[in-house]
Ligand code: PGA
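A single chain, nothing else alongside it, follows as C-alpha cells in the form predicted on its own.
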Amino acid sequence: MLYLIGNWKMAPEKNIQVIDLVKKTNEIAKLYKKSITTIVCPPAVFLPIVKKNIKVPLGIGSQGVAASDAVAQTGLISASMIKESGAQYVIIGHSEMRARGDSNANVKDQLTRLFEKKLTPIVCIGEKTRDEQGWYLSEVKDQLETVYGDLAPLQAKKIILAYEPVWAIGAQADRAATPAECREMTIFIRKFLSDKYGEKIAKAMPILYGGSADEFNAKSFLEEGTADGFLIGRVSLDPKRLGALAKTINK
C-alpha cells in the first residue's frame, strides 16, 4: 500500500471551499482505495468541518501538535484536542515548523504526546543543504536518532516517515531534488532502521518523499527513488492535479 498525504498548509480560506475540496478528495480516495492510503491534513480550524464531510477510506490528520499538555501555550493545540476533533494522523518535524523553532527535542516530545493518545505520527526529516563531503547525512542521522532512540519496534512501526529535502522545497529552492537523491536517502534511512530493528521491520516501514512531487515526476520517485508515496502541498489543493497524481501512483 502506498501513501498520498495532502498537507493543505494555510489553505483554503473559506468553509465552502473546504467542503468542496473534501468531497472531491473523497472521490479520489475511494477510486484508488485498493492501492493508496489517502490522507488530508487541513488547518486546525477546519478539522471539525473536514471530519463532518469526510468518508472512508479518506483519512484526516492535523498539521502539528504541542510538545506538552501544559495549558499556557497560546496558539498551539494538544494531542487530546486533535484526538477529540476526529483526526487520526499528525504531521511533526515539517521543515516550516523547524524553521519556526521546532528542535529535534521538540519533535521527540511531540512524538511522545501522539503515542500517548494513539495518534499516528507523520514524521518529517531532511537536510537543510547538500554538501559534497556528505555532512548532510549526519544531520539526517541526528534526526533519526532523536526520533527512534528509545522506541520499541511496536512503536517504531507506527511511524510514517517523510524524507523532505529542505533545499529542494518551495519558491526559494536551490533546485529540484532528483529520484537518485531520494533513493540515496531512502537507502540510508533503511540502513539505519535495519541496524536498529532488523531488516524485516525496516523494509515494512513506509518512507515517503516530501519534496516537490507532482503528477509528472511521481513515477520516477516511486520507481527510481524507491519512495512509498508522497507528502504533498500545492497539488493537494487542486483536485484535478491530485486525481492525476493518484492515477500515476496507482499505475
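The first residue of the sequence shown is number 1, and the count goes up from there. Every value quoted in this text rests on a predicted model; they were computed, and no experiment measured them.
Another form exists, predicted together with the ligand; not displayed. Remarks below refer to it.
task: Could you tell me which of 146-154, 161-169, 100-108, 131-139 sits within 4.5 Å of the ligand in the model of the complex, going by non-hydrogen atoms?
output: Heavy atoms within 4.5 Å of the ligand in the model of the complex occur in 161-169.
message: Taking any heavy atom pair closer than or equal to 4.5 Å as contact, tell me whether residue 22 reaches the ligand in the model of the complex.
response: No - in the model of the complex, heavy atoms of residue 22 and the ligand never come within 4.5 Å of each other.
query: Using 4.5 Å between non-hydrogen atoms, is residue 96 touching the ligand in the model of the complex?
result: Residue-level check for residue 96: yes, a contact with the ligand.
- prompt: Closest heavy atom of residue 231 to the ligand in the model of the complex, within 4.5 Å or not?
  reply: Contact with the ligand, yes.
- prompt: Any chance residue 35 has a heavy atom within 4.5 Å of the ligand in the model of the complex?
  reply: Looking in the model of the complex, residue contacts with the ligand do not include residue 35, since no heavy atom lies within 4.5 Å.
query: Which of these residues, 68, 212, 220, 53, gets a heavy atom within 4.5 Å of the ligand in the model of the complex?
result: So the residue touching the ligand in the model of the complex, by this definition, is 212.
- prompt: Out of 1-34, which residues reach within 4.5 Å of the ligand in the model of the complex, heavy atoms considered?
  reply: Stretch hits, in order: 7, 9.
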